[in-house]
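The chain below stands alone and is given in structure tokens; this is the form predicted on its own.
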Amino acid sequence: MQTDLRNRDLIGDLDFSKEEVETVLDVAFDLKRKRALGEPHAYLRDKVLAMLFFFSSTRTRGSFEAGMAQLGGHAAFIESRTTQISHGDTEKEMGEIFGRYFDGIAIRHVEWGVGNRYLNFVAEASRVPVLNMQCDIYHPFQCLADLMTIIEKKGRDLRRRKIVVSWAYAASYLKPISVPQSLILQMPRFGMDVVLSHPPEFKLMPEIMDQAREQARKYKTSFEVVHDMEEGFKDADVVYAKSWGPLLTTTDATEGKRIQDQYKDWITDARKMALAKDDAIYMHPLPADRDIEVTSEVMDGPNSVVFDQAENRLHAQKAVMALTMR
């Protein structure tokens, strides 16, 4: 167990070593047990977390607020449009000032080309840990919850387990690429063979792809890319299928929607799930476009773990906060 996480930022998935992630998971499972048994665990009594949102949320806000309360502290919800950020408060001001008011700063900023840079500038100026509630490049807390869920369902030894990280069609909006990027970085470190499946226009960042290949080499797992949804699903132990925008192809919303609408057949349905192993689990970070991105039959079916996955956001986030904000 690693014990040097106090005051550490978590912005990118590789900010914590594999051993440090294992420590987070150990603490998360212990906190989940304590929550189930009603055991008090007020490790952050009198601590306050600033939650700065530039992008709307359901699970992220709810799980961070509940988590801080259960740890004995308080989470302050701050919507960016209610601040003076648009009138002169730069990242330096936010880091310096919030770093003096609060014991941790959590930020959600997914604007393409802006979000991750913003978090890092705040972190440079802050004396307290900065936690990434999702940016344009990474979604580390979602990925920690995903890993926790996979271990619950498949056991600690994930070597030679296949996860397909697949693009899926959604009609609602061009979603960030941060979830698939976090998955391909983290899962090879825990022995999983990763298949990334997407239409040609929905590439991920080249530097993230290079890092994912490096993690696969380091941990002696496989990493491959296919452009056929059904090929990706074959013999998978874990099906993680969600939509993301073609941001590496175009940043124009109209053109992006036109490209996206060419692939309406990339839906997770029972026929495609049958290509995976019989005991494969279906995962999605939510919200999902029901019966467009995934059929209700799959999402509410016996292979779906989406609600366990959502619950584990709470426990994984509490673990990181307890370890970094003490």
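Counting begins at 1, following the sequence as shown. Computed from a predicted model, the values in this text were never measured in an experiment.
Not on display, but discussed next: the form predicted together with ligand CP.
Q: Would you mind picking the one in Ile292, Leu286, Ala42, Ala270 that has a heavy atom within 4.5 Å of ligand CP in the predicted complex?
A: Answer to the contact question: Leu286.
Q: Looking at Arg59, Lys32, Lys277, Lys47 here, can you tell me which has any non-hydrogen atom within 4.5 angstroms of ligand CP in the predicted complex?
A: Of the candidates Arg59, Lys32, Lys277, Lys47, Arg59 is the one lying within 4.5 Å of ligand CP in the predicted complex.
Q: Tell me which of 70-78, 137-145, 159-167, 192-200 has residues with heavy atoms within 4.5 angstroms of ligand CP in the predicted complex?
A: Stretch with heavy atoms near the partner: 137-145.
Q: Just to confirm, Lys318 within 4.5 Å of ligand CP in the predicted complex by heavy atoms?
A: Looking in the predicted complex, residue contacts with ligand CP do not include Lys318, since no heavy atom lies within 4.5 Å.
Q: Which residues within 290-322 place at least one heavy atom within 4.5 Å of ligand CP in the predicted complex?
A: Contacts from 290-322: just Arg313.
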